[in-house]
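Starting off, we have a lone chain in the form predicted on its own, written out as structure tokens.
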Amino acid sequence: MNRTLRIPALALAILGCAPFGAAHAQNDKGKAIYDKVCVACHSAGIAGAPKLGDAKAWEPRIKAGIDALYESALKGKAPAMPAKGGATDVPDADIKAAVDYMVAAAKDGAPAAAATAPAGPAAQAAPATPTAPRPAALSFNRLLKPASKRNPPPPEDGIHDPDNDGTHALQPPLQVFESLPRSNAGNRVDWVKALDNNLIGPRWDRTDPAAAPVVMDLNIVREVKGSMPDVVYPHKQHTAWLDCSNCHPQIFIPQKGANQISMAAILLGQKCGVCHGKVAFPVSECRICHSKKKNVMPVKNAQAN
């Protein structure tokens, strides 16, 4: 059932801003910060984050007052909301602008959602359509399971709909993976080697089986602090599977220095964690990504002449 969000005048006074529609339209700074910092969780509802424009999810948060929303955004909130969404270098005022943008979007999204609902007595009498249970949005490192529970059949994997007859027609992964090269990570298949050896051929287009991928052979090296090797991101292996629009610009802004990436953010399902740990190998095998050794200068012997 769609519900229109109603905010009393007192709440507007507490928020200390113009009516939400106007604020949403004018808050360019808030939108920019949302697109840079918040979109990974708030666009998909990861870890229970209220989706942008979801009036019902935002209603109790708005009732708590704008100061409570600011505090959650700036200081973080258990169990999965990091301080400033993990972008600790972003000024407080910009984070607050992003909160204002999302609050305004909740108000703007409510009429649109209500307008799509059928009207009249017939609609009120219509029974609700049952939906299949969905897995939790954030089940990070789903691939890190005991050997006895890895690669379960599709009806039991928590991804496919067990009530769909087509799910039961799919081959069990253990049977399919048997002839593929082995790996020590994830679902124990070396997918890159399988791809390089032409053992698999990802389908690029859903309707055109002859469509060829647009593969970009470009490695991005991301220097990391400390003694860990630098991270190498190989575009070739990723673009053989995915179109650029899967990652850019919502997950990664294609601009040097524009992406704040940390292991904390990845473990919360952001950046690389959007895929890795869910449908791609988990981050338990550090050397898969941290693969470029640093150029360490030799330490001179202090006693040498």
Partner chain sequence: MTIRHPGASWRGALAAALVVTICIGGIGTSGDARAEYADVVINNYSDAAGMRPVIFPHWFHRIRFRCKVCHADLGFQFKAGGNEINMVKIIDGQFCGACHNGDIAWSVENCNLCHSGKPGTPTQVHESTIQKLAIQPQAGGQQ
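For the two forms, the rigid core is made up of the largest set of C-alpha atoms that agree within 1.5 Å on superposition. Because the structure is predicted, anything quoted here is derived from the model rather than measured. Positions refer to the first chain, counted from 1.
Missing here is the form predicted in complex with its partner chain; even so, the following discussion is about that form.
**Student:** Between the options 169, 78, 218, 93, which residue brings a heavy atom to within 4.5 Å of its partner chain in the predicted bound form?
**Tutor:** Contact check passes for 169.
**Student:** Could you tell me which of 98 to 106, 82 to 90, 67 to 75, 157 to 165 sits within 4.5 Å of its partner chain in the predicted bound form, going by non-hydrogen atoms?
**Tutor:** Of the stretches listed, the one contacting the partner is 157 to 165.
**Student:** Taking any heavy atom pair closer than or equal to 4.5 Å as contact, tell me whether residue 207 reaches its partner chain in the predicted bound form.
**Tutor:** So residue 207 counts as contacting its partner chain.
**Student:** Heavy atom to heavy atom, is residue 260 within 4.5 Å of its partner chain in the predicted bound form?
**Tutor:** Yes - in the predicted bound form, heavy atoms of residue 260 and its partner chain come within 4.5 Å of each other.
**Student:** Report yes if any heavy atom of residue 35 sits within 4.5 Å of a heavy atom of its partner chain in the predicted bound form; otherwise report no.
**Tutor:** Outside the cut-off, so no.
**Student:** I'd like to check something about residue 278: if you look in the predicted bound form, is any of its heavy atoms closer than or equal to 4.5 Å to a heavy atom of its partner chain?
**Tutor:** Contact check for residue 278: yes, within 4.5 Å of its partner chain in the predicted bound form.
**Student:** Superposing on the rigid core, do we see a C-alpha displacement of 2 Å or more at residue 155 between this form and the one not shown?
**Tutor:** Shift of 2 Å or more: yes.
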